[in-house]
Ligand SMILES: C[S@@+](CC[C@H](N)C(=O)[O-])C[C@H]1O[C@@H](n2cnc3c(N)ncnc32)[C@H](O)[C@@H]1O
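Next up: just one chain, as structure tokens, the form predicted alone.
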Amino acid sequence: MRLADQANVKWLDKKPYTRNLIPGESVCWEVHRNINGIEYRYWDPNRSKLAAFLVCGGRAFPFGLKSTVLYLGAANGTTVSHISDICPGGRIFAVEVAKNPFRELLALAEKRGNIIPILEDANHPEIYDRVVGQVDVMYQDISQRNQAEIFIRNSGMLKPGGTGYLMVKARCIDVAASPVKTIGICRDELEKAGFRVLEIVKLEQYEKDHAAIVVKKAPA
């Protein structure tokens, strides 16, 4: 059962759309729909793992109109742009280490005032943690072997009681191991670090050997 309509997220023909922060503007040539004078952009689960998470039955969705978000592995900003739509009064700190996609992310941020692009390696949060401060939501989509370790290193910026998303790319961690086993190891690492696992959603329909682990940070 899919998530119901949320603030700035609407399901049309069983597909997710986000209310366009900049009407008339596209990020990746996505379809636009006008509903009662409000423009929505198609949130393609083939391009965004967060959209895939929702389409695959994910329930945890803490993003509000003024949420602050730390996004690790922002790439060129496709998913970041939809979070920007959803949290128009918030801030999205988008961390990306590769220079080519960062140029596109920077161009996106110039149009959308709630995106703060950061050109850094997420393995070193001490470089940018003072800029970020404390956030409501932390989201990670990184193709490195130490994915859970990176998540835990950055979690000092997640507020007590905040929600975190770790998009596990199992084959990037261990190409020979069973993805189920690898995802389980990541879950165990997060639990050992004090997180409570809310749900684990496999993204096989859109991303082979991928899963979303959603966790809650312990309250203060």
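From a predicted model like this one, the values you see are computed outputs, not experimental measurements. Numbers follow the displayed sequence, beginning with 1.
Here the subject shifts to the form predicted in complex with this ligand, a form of this protein not shown in this document.
- Each of Tyr71, Val97 and Glu120 places at least one heavy atom within 4.5 Å of this ligand in the model of the complex.
- Although the partner is absent here, Ser143 lies within 4.5 Å of this ligand in the model of the complex, judged by heavy atoms.
- This ligand in the model of the complex comes within 4.5 Å of no heavy atom belonging to Arg41.
- Within 4.5 Å of some heavy atom of this ligand in the model of the complex lies at least one heavy atom of Thr78.
- Among residues of the shown chain, Arg47 is one whose heavy atoms approach this ligand to within 4.5 Å in the model of the complex.
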